[in-house]
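Only one chain comes next, encoded as structure tokens, the form predicted on its own.
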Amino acid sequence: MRNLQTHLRQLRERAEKALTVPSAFGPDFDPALYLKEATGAGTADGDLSRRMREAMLLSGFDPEERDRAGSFMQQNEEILYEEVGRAYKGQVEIMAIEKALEKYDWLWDYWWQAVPVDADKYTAYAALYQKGGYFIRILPGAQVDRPIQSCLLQSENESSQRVHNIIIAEEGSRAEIISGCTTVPQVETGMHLGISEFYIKKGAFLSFTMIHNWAEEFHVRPRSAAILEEDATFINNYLLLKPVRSLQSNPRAILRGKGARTRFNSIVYGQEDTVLDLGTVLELHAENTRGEAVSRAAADGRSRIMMRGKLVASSNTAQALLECKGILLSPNTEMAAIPELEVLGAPRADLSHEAAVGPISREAVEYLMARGLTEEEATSLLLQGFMKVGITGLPEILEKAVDEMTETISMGTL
């Protein structure tokens, strides 16, 4: 990039001006409260405690790297591990983002290009106080048949992570990434600011599954965006299975290339006093682009869930569907589904939405009971059908966690 120092100075100036700008959606908090210096990563990789390993597994990360093409792990601010499997050398690159920026001058051309640095105070703090994050690149034409995995772990109370990730799927490549963000059990409160920028090149396919397992008093503000070129495909899966103090996210996919495809799947379970404000923005700007955003939410306890979705089309041949559905499991919970469709000079674009919020259908439960199921079995079966939205390739421990969550929910509704 020309005039790199000028560019970086301009980014910093924009971030500084945004330090007091709240997010357009969701609850507000002061990130400065969590900017204390980390005291150290603690245990080394070979010495990870049983509880830490369990937390990693429940975020989709296998410390033994069984059936994995490569791995990245960051604990607090320290990079513990970055490695590509021997069979995938020359097909995949994995390294700390700082190391990648030193290695590749061209990578600065991607830095803060998909996500605006001054979107709000959370992007600003992530930019000004960034420590770590990963660079994953799938090389041109590579067909990676095993998942790549990453884990961002926080093991200190009242700590924060401010990471910036860049993922590039080069032309004609194909890969799957499973990324987990989690805490160890003794951590109660903290902050996570995660910037993730995806660049899906011509004819590439990337599936990205994000699993969040936070502590009950954590504030989480992921900021992500994907830019898709011609005939590119991006699948984004998101799971939240545990309570969190507040989480606000509104990932964006920008379909710039002809024939680009994207699908976003979300499964979230609001418990206790959790506040979730989650959305998806799909922008279809090129010919024959297609998009889907499917959300499933179950709200229990005193949780509050906002499900947002926005489809934007500026091509007459664009098609997209937005589907937001929520189940209320407690009289004390709150939920809202807010779909938005926008067409820009493309009167033949085809955008549609489905939104529903309500309890489990009593008629459906009684229908299944009339065919021999118990009430518990009928409720569990309906919840399983409701919560599964086509997320494939999950590790066995995560599939089990989703099933256990469904069983727990069904027991609580009886």
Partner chain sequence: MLEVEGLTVKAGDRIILEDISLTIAPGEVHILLGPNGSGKSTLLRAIMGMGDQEIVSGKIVYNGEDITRLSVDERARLGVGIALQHSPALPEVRLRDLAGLLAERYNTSWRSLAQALNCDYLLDRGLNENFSGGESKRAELLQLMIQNPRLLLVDEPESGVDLENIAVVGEALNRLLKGERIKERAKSGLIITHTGYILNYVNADRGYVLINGRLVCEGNPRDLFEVINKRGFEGCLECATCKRI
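In this text, the rigid core denotes the largest set of C-alpha atoms whose superposition between the two forms falls within 1.5 Å. Numbering follows the first chain given and starts at 1. Remember, predicted model here, so these are calculated numbers, not experimental data.
Not on display, but discussed next: the form predicted in complex with the partner chain.
For the chain shown alone, E363 is a contact residue for the partner chain in the predicted complex, at least one non-hydrogen atom being within 4.5 angstroms. In the predicted complex, the partner chain lies farther than 4.5 Å from every heavy atom of G345. Contact annotation for G385: at least one heavy atom lies within 4.5 Å of the partner chain in the predicted complex. Using a 4.5 angstroms threshold between heavy atoms, E377 counts as touching the partner chain in the predicted complex. Stretch-level contact analysis of 53-61, 66-74, 363-371, 22-30 against the partner chain in the predicted complex, using heavy atoms and a 4.5 Å limit, identifies 363-371. Residue displacement note: E366 has its CA displaced by at least 2 Å between this form and the one not shown (rigid core superposed).
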